[in-house]
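First comes one chain, alone, set out as structure tokens in the form predicted on its own.
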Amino acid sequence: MSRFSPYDNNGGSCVAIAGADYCVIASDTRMSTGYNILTRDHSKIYKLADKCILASSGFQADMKALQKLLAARHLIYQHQHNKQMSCPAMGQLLSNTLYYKRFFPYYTFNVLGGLDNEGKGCVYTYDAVGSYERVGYSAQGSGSVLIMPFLDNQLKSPSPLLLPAQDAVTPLSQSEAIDLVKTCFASATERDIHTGDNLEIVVLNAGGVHREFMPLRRD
């Protein structure tokens, strides 16, 4: 006898890498539940502002609710301040939004990528109740347990305990970061049944937002 649950995990994986003057955010396009694929063409990436992009995995309904709320809060901010919210400010807003729902959380695992006030790439990684950290790279979702060890091996982010604090951005060029992301997902789709179909890559730099796709395993 199965019990009712208000949550479902619709799978999928998200990755973000911050560079000196760019940020790469990527996710697969598969949405599934259990052993069933619901759609092969579902984007997990949402543009919150010109220099701020959110990638989420987890429960699809909560992802949509969270995106809608953040968009509304950002619109209010623009009316009050006559400018768009910066990526660090959006990072704090997302943390607050997740934390105030901590007793009935949004079942979403988020990574926020963009450019900070100095034009450097920034990545913020979250748990479901709003605890967050600025890092050089991150992965969330069903394939994160496969992707993060690979990124750790390739990029080796400095410890946040080091004094003075080390810069979190990765030393890769933009094209190297894109190639690394493609390798991550090509590997993860071999072992994770909830990740696959297509890879959506969004690159954010001073020139704007650029999007590209790459096919992944479809079985």
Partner chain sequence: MQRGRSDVEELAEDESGEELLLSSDRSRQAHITSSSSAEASLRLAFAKFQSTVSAHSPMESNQAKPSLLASESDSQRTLSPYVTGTSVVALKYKDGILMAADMGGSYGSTLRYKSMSRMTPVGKHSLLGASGEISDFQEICKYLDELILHDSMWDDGNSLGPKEVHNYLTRVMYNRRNKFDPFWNSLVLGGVKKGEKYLGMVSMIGLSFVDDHVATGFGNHLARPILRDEWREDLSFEDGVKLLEKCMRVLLYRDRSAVNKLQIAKITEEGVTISQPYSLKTFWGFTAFNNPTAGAEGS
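Quick caveat, the model's predicted, so the values are computed rather than measured. Numbering follows the first chain given and starts at 1.
Not pictured, yet referred to below: the form predicted in complex with its partner chain.
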- Task: Please name which of the stretches 146 to 154, 167 to 175, 56 to 64, 180 to 188 has residues with heavy atoms lying within 4.5 Å of its partner chain in the predicted complex.
- Result: 56 to 64
- Message: Quick check on residue 215: any heavy atom within 4.5 Å of its partner chain in the predicted complex?
- Response: no
- Message: Since only the chain is shown here, I'm wondering whether residue 124 would be in contact with its partner chain in the predicted complex (any heavy atom pair within 4.5 Å).
- Response: no
- Query: Would residue 42 sit within 4.5 Å of its partner chain in the predicted complex, counting heavy atoms only?
  - Reply: yes
- Task: Please run the contact check for residue 106 against its partner chain in the predicted complex: heavy atoms, 4.5 angstroms, yes or no?
- Result: yes
- in the predicted complex: members of 20 to 51 within 4.5 Å of its partner chain, any heavy atom: 31, 36, 37, 38, 39, 40, 42
